[in-house]
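Just one chain is shown here, as structure tokens, and it is the form predicted alone.
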């Protein structure tokens, strides 16, 4: 009988933990993301969606802007997960690659910019603890982590371009290279 009681308590505890996590998110990350979304949409309305589309169209033609500059600026200004919302201004053809680059950048920038993805800070801090125990400076690690990340995130975005091309051919689909933003 004790096993059944323990199982029932564990089962209910699983849902209680889920409920506690949900409430935590509702008082922390959800309002933050909502405010960032409102701020981004306000800026878009002030600048004008047509101008944003023109900027996106021009930046979409250059892989360095697409997979290096846009993810860096988006991550720095909007943090994770809002950086992904900038992908809406890119043509369908480049959205998978932008997402790949932006998602990776949210991890490789934590040493210098922990506000970008604080939930993943423990990964960087785990590595940094080993560096600290060796008596090496953590700032060097943070800068190297960022620089290597920028290069690798760019490569990841570009490789995803080739993967997308392969899938387009395989599936006989052609993704648009023109910006089409639905309001």
Partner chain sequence: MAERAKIVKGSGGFGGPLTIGVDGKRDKLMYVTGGHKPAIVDKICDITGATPVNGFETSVPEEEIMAAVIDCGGTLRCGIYPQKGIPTINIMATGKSGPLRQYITEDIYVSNVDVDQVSVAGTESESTSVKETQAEEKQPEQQATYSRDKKIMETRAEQENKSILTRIGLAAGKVINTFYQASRDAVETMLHTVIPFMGFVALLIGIIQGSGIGDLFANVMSPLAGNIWGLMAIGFICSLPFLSPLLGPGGVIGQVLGTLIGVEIGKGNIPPNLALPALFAINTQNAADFIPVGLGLAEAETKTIEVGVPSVLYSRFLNGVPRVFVAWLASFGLYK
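Numbering follows the first chain given and starts at 1. In this text, the rigid core denotes the largest set of C-alpha atoms whose superposition between the two forms falls within 1.5 Å. Predicted model only: the values in this text are computed from it and were never measured.
Below: the form predicted together with the partner chain, not depicted.
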| property | result |
| --- | --- |
| Partner proximity in the model of the complex: residue 51 to the partner chain, non-hydrogen atom cutoff 4.5 Å | no |
| Any non-hydrogen atom of residue 99 within 4.5 angstroms of the partner chain in the model of the complex | yes |
| Distance check, residue 123 to the partner chain in the model of the complex, heavy atom within 4.5 Å | yes |
| is_contact(residue 74, the partner chain) in the model of the complex, heavy atom dist at most 4.5 Å | no |
| Stretch 98 to 120 - residues with a heavy atom within 4.5 Å of the partner chain in the model of the complex | 99, 100, 103, 104, 107, 108, 118, 119, 120 |
| Core fit, then residue 21 C-alpha moves 2 Å or more between the shown form and the other one | yes |
| Core-aligned C-alpha movement of residue 11 between the shown form and the other one, 2 Å or more | yes |
| Closer or farther in the model of the complex: C-alpha pair residue 46, residue 76 (3 angstroms or more) | closer |
| Inter-Cα distance between residue 88 and residue 45 in the model of the complex, nearer or further [3 Å or more] | farther |
